[in-house]
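In the form predicted on its own, a lone chain appears below as structure tokens.
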């Protein structure tokens, strides 16, 4: 009987699931994901997590708890850095320890990914993690290469206009209609968790807007725009938000932007200031911050989004 390993459908799931699933599957493990976020998962996460933690981490707790009785192991990597000279958010460094502290949980697998130390160190860490499941180095590298190839195909699909949910579900995006284009910027786990975002992307499409998200832009474009800042950002994922928004502001390819951020996220709050300052530039598209937490109501969000779309339509006409 194969060993089952659970991957929570939250946080970095929306960025790296194909890599992780391909790698773990190549090692002979059976990957099990938690279901899509729902009220039960969110409530369980809010009750288990510290009250001061941001919404995405509370959601992560709920997904982990939903896997508790279904898997032998939990895969919660310690993602320190994915590039040189930058870090991920501290919550990604501490997630394995935070989940262990819940108590009575399956064993947590927490391989370290720290590209600040160089690709050779990452390779050693990958092998050190994988040798528990196989003694054959060639199998480890085949599994890793399979995961990397799956991730590349995933990214290519995103850049062709699919959202992460559409790629992972295999459901093609609807045909783009309407004359209005709205850029939705923010962390993928805020935008693409349909329960947390209250189906923002689908709502905008139903209102007649074409929607583009940060995931759809090539990395080189995002990097070039983010480098316009006088000082390099310390956080990789916030840098992606800035680069995407700056590109849309300068290129004129969108009519308006929505920045979805979670309450109590320090980096998000700082980035909001940068984006609002840039949006004041003459000719820049309108920018609307949309802050969400576990108390956010659907009616309030829908009202704000409808008013924003109506305002953009008025401008275009």
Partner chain sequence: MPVTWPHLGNLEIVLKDLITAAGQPYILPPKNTARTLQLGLRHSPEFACLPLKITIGNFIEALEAGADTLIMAGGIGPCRFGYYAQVQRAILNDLGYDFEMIVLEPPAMGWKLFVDTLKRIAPGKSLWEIAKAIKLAFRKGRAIDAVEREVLKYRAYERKKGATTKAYRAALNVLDEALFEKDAIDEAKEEALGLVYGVEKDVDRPVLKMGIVGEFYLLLEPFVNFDVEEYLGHSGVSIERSVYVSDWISPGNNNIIGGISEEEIKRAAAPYLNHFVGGEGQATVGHTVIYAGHGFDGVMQLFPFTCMPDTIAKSILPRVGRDFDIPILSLVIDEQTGKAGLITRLEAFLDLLWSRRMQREKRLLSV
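Numbering follows the first chain given and starts at 1. Keep in mind that this is a model prediction, so the values were computed, not measured.
Missing here is the form predicted together with its partner chain; even so, the following discussion is about that form.
Shown alone, this chain has one stretch from 73-81, 177-185, 147-155, 162-170 that lies within 4.5 Å of its partner chain in the predicted complex by heavy atoms: 73-81. Within 4.5 Å of some heavy atom of its partner chain in the predicted complex lies at least one heavy atom of residue 234. Within this chain, residue 107 is remote from the site of its partner chain in the predicted complex, having no heavy atom within 4.5 Å. For residue 90, a non-hydrogen atom is located within 4.5 Å of its partner chain in the predicted complex, even though that partner is not displayed. Although the partner is absent from this view, residue 131 stays clear of its partner chain in the predicted complex, with no non-hydrogen atom inside 4.5 angstroms. Only one of 124, 219, 116, 142 lies close to its partner chain in the predicted complex, with a heavy atom inside 4.5 Å, and it is 116. Though its partner chain is absent from this view, in the predicted complex it lies within 4.5 Å of a heavy atom of just one residue from 198, 207, 112, 212, which is 112. Taking its partner chain as positioned in the predicted complex, the residues of 233-264 that bring a heavy atom within 4.5 Å of it are, in sequence order, 233, 234, 235, 261, 262, 263, 264.
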